[in-house]
Every structure is written in C-alpha cells, then in structure tokens.
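Below sits a lone chain in structure tokens, taken as the form predicted alone.
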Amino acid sequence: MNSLVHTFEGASAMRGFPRADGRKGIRNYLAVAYLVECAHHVARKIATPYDEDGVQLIGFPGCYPSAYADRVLTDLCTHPNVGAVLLLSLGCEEFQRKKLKAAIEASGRPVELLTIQQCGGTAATIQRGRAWIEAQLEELKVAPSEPITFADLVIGTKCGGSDGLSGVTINPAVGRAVDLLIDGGATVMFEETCELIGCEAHMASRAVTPELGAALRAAVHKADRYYSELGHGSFGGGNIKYGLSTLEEKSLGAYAKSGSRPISGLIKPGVQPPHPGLYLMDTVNDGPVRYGIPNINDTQTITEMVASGCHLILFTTGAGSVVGQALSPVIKGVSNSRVFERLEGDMDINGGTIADGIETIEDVGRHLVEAVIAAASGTPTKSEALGHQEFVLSYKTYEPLGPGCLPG
C-alpha cells in the first residue's frame, strides 16, 4: 500500500475487474459499438432497454476507412472498463470489422458481430442483439473483482465552459488532486494544447528530459499554427459571457489543472502511458487543416483520453456543463457556488467554496481525490446516476510520436 491509502481511509475499498493484459477496470460495462452511422439506429434500439444495466453505446459514423478511428475504437473495445462487446455493422461500410472482432477476442472478452444485411434487417438484428446482451449480462454480473490501488488507475483532466473563477478555484484544486494522485502512484493526463498557448515554456521546464521539453513546446506551437490557419480559436463567446477576459487567462487556468509534478511524456490518442506519472496528450490533428474544427468538441477529446486508458475523468466547468462519458465515469467540479446551487444534481464537487472563503484549494483537492476513491469503489458519479453516456468519434489524423516524447 502507498502513503495515499493511509491518508485517505476509503482507498482500501477500491476494486477492479482484472483483464488479461494486466489492467483492471473500475466498471464492467457491455459496449454496443456501431461501425457506421447507418447501423446507429439499430445499435441504439438494441442497447436502450439495458442502459441502466451497464450497457453503453459507442460507435464510429464514417463509411470510409480511418486508421485513427480503427485504432481508437479498438482501444475502447478493449478498455479495462469494458467486459464484453457487441459490434453492429450494416455490411457495406469499409470499417475493418473482422479485424476489430479479432482484436477483442484476443483480449479475452466475449464479442459478437452482427451484420444487419445478413441478419434479416432491423427487427431481426435487434432481436438477436438483445438476446446476446441478456446472456452476457448474466455473466458480467458475477465477474470477480479484486482490490486495486492508485497505481492501477489512469485519470484524465478536462475543462468545458470555463468562467472567470475556473483558473483560481476548481482548476488549481484539480491540480492539487493531480499532485496527490501522482504521489500515490497513479497515472494522470491533461490535454487541450490549443488552450495551453503561452504555457509551453512552463511545461518544458517541468519535462523530465530536454528532448521531451522540446516536444512539449512543439505540440503547443503546432496547435497555435493549426488554429491560426483555421481562423478559429478556443476562446469562445461563452467564456467571455462568464467572465474570462483573454486567451492568456484561459490558458493559465487550463494549465493549473496539471498540478506541479514533473511531466513524464507526451502522448497522442490511443497511446497508453508506459508508466505512472503525468502526461500531456496532443489532441490537435497532424498535417494541414482538415476534417473540421479540432478540440471544439469536449466529448471527443474525452473519448481520446479514454482510448489511452483513462478509467475516469476529472471535468471542471464554470458555466455548468453537464456531460458524462459512455465508458469512463466523469467527476464534475464547478468553479462557483452560484452554479453549484443551481445544478447541484449534476455537480459532484463545489470549488466555489474557495472563492467564498469557506475552503482552501487543498481542501477541495482532497474532496476530488475522495470522489475518485468513491468512483473506483463502485459509487456512481452524478453523471452516471443521471444516465449520461456522451460519446463522439469522428475523422482525425495523427502521425507517430517523435523519439523524445516518451523518455525512459
């Protein structure tokens, strides 16, 4: 046991489902994955009756091949929080469905592939899909679990709908929680390079090697170039409405979520951190601008962190985002007490108590760690209890990591 277990009494209650690759899931979901938008309706009709039984709907809408989508969907279907997978194909899309099924089988998980054009259409496929789910749910209910520690956990951080208090209340509190979790042996990642413009020198100074520092700078410079070419930035009207004044203010607030520990590596979606520590995820397309606006969709960047192994997400907001995620629980912290009181049913943690003078950043940081422990012990987060299953996966392109990105 590490020291954080002794500091937080509830940590010994955390449990996970062991997987063949050595990882452990804090949930044992059955994922229903559609492989083209034309199969989305049938997949949803199959999954909906079981959405309170741990059946989660994910998928890729594109018809043409995408190496990015192939990798991310493979990573998600073999994610530690997933115990079984039902694949839904129309039959004429170009997604490599047999390759995906083989990867899931190789991971030791039960998997079924239903092709609508071969099953007899909508009604027959729904009937077969539901029959398979009901059989699998019985198995998942009795799956064994075992104690886990912070070293088994991968945690992502994200913000959405930030306001003028985010950078001085809830985001620094997440940074303190990140420090505590890393000290306890966990793996943590942050992203939003488009919202870290101006912070690259600070990040480089925390890199464990000069080569990684150069890679961190390059990732932020790439985001700056990409957004300049696109003619669009991440500083939106909603941020201004709720009190943020400049991109610099927003960047410093987003950066506060990373805490103070050394940065161990730079990863891209689908790349799993090789060892515990703090990682930056680069979520901006490589190459020229294409496929629309990157990072404008909080849900897709959360999906990318989950594809890299995140068991759960610490999500901060000021305006009051209510999103969750299909495969990994989302713990939501809000920057101000006004929104917390209005949306208490959606928010797990109130960081507004810092601005109110009632609690410190240390206090709220510890509340966040306690929320991580509760979620990893099986307690639903607010978004889970409300049935949130947000999921987005669209076309993007990434080149392989450079040689300095993952030292050691």
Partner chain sequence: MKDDAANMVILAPNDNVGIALRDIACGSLARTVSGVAMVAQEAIAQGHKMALGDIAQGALILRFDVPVAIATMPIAQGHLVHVHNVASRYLTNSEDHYE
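Since we're looking at a predicted model, the values are computed, not measured. Positions refer to the first chain, counted from 1.
Below, we refer to the form predicted in complex with the partner chain, which is not included among the displayed structures.
Original post:
So which of R290, K241, K98, K141 reaches within 4.5 angstroms of the partner chain in the predicted bound form, heavy atom to heavy atom?
Top reply: Among R290, K241, K98, K141, a heavy atom within 4.5 Å of the partner chain in the predicted bound form occurs only for K241.
**OP:** Quick one: from P274, G236, P147, G120, grab the residue that has a heavy atom within 4.5 Å of the partner chain in the predicted bound form.
**Re:** Comparing distances to the partner chain in the predicted bound form, the residue within 4.5 Å is G236.
Original post:
Is every one of G161, L343 and H388 within 4.5 Å of the partner chain in the predicted bound form, counting heavy atoms?
Top reply: No, none of G161, L343 and H388 comes within 4.5 Å of the partner chain in the predicted bound form.
**OP:** Please check if Y227 has a heavy atom lying within 4.5 Å of any heavy atom of the partner chain in the predicted bound form.
**Re:** Y227: yes, in contact with the partner chain in the predicted bound form.
Subject >> 4.5 Å heavy atom contact, E248 and the partner chain in the predicted bound form >> reply: Yes, E248 is a contact residue.
Original post:
in the predicted bound form, does G270 have a heavy atom within 4.5 Å of the partner chain?
Top reply: Although the partner chain is absent here, G270 would stay clear of it in the predicted bound form, with no heavy atoms inside 4.5 Å.
Subject >> is_contact(R338, the partner chain) in the predicted bound form, heavy atom dist at most 4.5 Å >> reply: So R338 counts as contacting the partner chain.
**OP:** Considering the partner chain in the predicted bound form, find the one stretch among 54-62, 25-33, 350-358, 378-386 with heavy atoms no farther than 4.5 Å from it.
**Re:** Of the options given, it is 350-358.
Original post:
Counting only heavy atoms, which residues in 196-224 are within 4.5 Å of the partner chain in the predicted bound form?
Top reply: Result: I197, G198, E200, D224.
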